[in-house]
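Just so you know, structure 1 and structure 2 below are the same protein chain in two forms, each on its own as structure tokens.
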Structure 1
């Protein structure tokens, strides 16, 4: 970096997730002051394992393009870097490539060019197999890793911290397109490189990564401005409709976190127990006291998903009270019939599931049985099988059996189900499952690649 050390740095978190949108006025207002960099997180495991496994983004390309179209000309003109974390949603090679393609498209349309630093986070060939020999530790409630799955992972990435992004920043790029990284790394790397306190930098980053989610009214789809000082930081939404208060900012440390008093990053434990939150002007909150307890040995979290099969579903409703009362019998009858007729799959090779909306499809066995049955029940029958063709056929069988399945006291002998659609069945595509969600104490050399766009 060619820039001189500063006493204060000011940065913009564009929005809570790249593609979720932000108000153009927020960007305009934020630009009224000097900015040192702009950051935006693009990743999440919340939408489930499908996106990592399939290499697809859970946010649509047009959404990402809109958010980048507004900011790219700004960072070019202002000569400030843009840091994109966990590109493409999951940060594996196909996700990173999608983000680079979108930037290229915008650059061509707007006749701009960018020096981009790309940081892949894909695990080296054979890494998981080696790591499974005593170097994988469950985290966040994950079970022991099953070594048999090491070769089956569709995409496997490491979620790195600030170090690789700091290395990328040293190359002075205009844009950093990072693979899977910690949300905090997007916003803490620049301040740490500039010599700011890492505890404060990481805490500020933890708040910034969600955009204006720490303000009221809450908004993951809006921006946040952060100022780093020597012994405190401030947060303020640039959109005057949103305000931060000490309680709204303090409450944010609860969000999606197992412990409100601390959180863990590859750099160590960030202790928030001595934190203070003070109002520091209209909608602006000053935070101090966050402290980094450095990790004795840095660890990395690994993420990986494997293909579990292909899904097909059918959707129907029940109104007949006797049918609703005997749903269990209908289900058992359908299972037996399918097992008998499905000669194209082996037992144990497929699964059938009956989701009974209105009864217990949301909480399952955790819900005590309701003595009063609902007037209507929504039924989703799902089949997962080794191929889409087999899953489709299984659901077809299950649907026709369920429609005509007999049960005691059946009065509606013409059909048990109301189908809202024709065709009634839907192919759901590939199904993935998280298998790797573990820490490793092995180190991985992350390499920064420099590319020019277009």
Structure 2
């Protein structure tokens, strides 16, 4: 990349997550000014470990293709790079490949060609076992890593910071398809490469990665324009229906953070304690005072999941007041009855879970005792077993036994439950659990691959 040092950088965050969508008008308005690059985050662990372990994206292909179809002709015509972070949802090899396939499909349909820099984030063979020897540290309340699971991990990745994307930018690609990376890396790498203050660049990136989530009305399904200056940055949604205010942007400092005064990235601590937020025009906010306290040693976050079994569920409604009052007894009776009848699976090889929507399905034991019972409860019964066939049989047993399970004050002898669907039972497929959700102080030599599409 050979570009002159600029006093101002202007970039576009396409939307809060690739595939979530954005208004075409937002893109049109953003393009009324010069853009230095376009960025979009594409991944998250929020939907759980299934998508990493299975190699599938939690955002559907048609959603991703729609968002890319609008922007790819633009970046080609304008000669500005597009940076996609945590491609395919989780950033492992199959996720990255799916993104490349979608870009290839669009390129063929629109007679376009692209120089693409690909940054794999898959862990090298043997890396987890080596890191487990004193170089793995639990992250976000995760338990200590079990070395016995090292060989069972599917699609394990390292979440990196800005350095690999900066190296990719130096190759002057038209598109960067990155594996698993920090959300901030998507938007901070270019400004840091161009010599802008890293504290400001990372704070701006933290806001930009969510698209228009810092604006009102709130929404991750729209765009945000960021302007980087020497000692401040501004944020403004290009959609005239949305406005940024000092309150709305400052409030974003609380997003996914335990401390509004700082957040942490591989580059270090971003200190926000001296930040100021000022209205700088219609829907535009000026932010200054962000400061990076560099890390003594950069770390990587490792993510890996293993196959824990297969799921089946059934969904039903319960309206009998006595049945609702005695759901605990019904559940205990069903568990005992299933254990007696399920000779096709060993005790300890399966699990049964009862989610009682209307009572405590979301908060569980943390829900305070309520003397007034709801008029109806939605019941989800889940079985997880070593095979899909066994999970299906278990949930079928549990459903039939819950349907006819006796309880105190029961008046009817017909079924206890109402089923909204026929068939009532659903095969849920593979179940994955996180085993690796840890930091490491070991380094990985991330290598940028150059690909021509199509």
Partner chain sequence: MKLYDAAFVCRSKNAGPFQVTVDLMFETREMYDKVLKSSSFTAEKIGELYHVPSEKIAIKTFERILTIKVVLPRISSSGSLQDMDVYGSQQHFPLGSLEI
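Bear in mind that the values here come from a model prediction, so they are computed numbers and not experimental data. Basically, rigid core = biggest C-alpha set you can superpose within 1.5 Å across the two forms. Residue numbers count along the first chain shown, from 1.
As for origin, structure 2 is the form predicted alone and structure 1 is not. Core-superposed comparison between structure 1 and structure 2: the C-alpha position of residue 411 differs by no less than 2 Å.
Relative to the superposed rigid core, the position of the CA of residue 369 differs between structure 1 and structure 2 by 2 Å or more. Taking 2 Å as the criterion, residue 349 does not count as shifted between structure 1 and structure 2: its C-alpha moves by less than this amount when the rigid core is aligned. Per-residue C-alpha deviation between structure 1 and structure 2, core superposed: residue 329, 2.7 Å.
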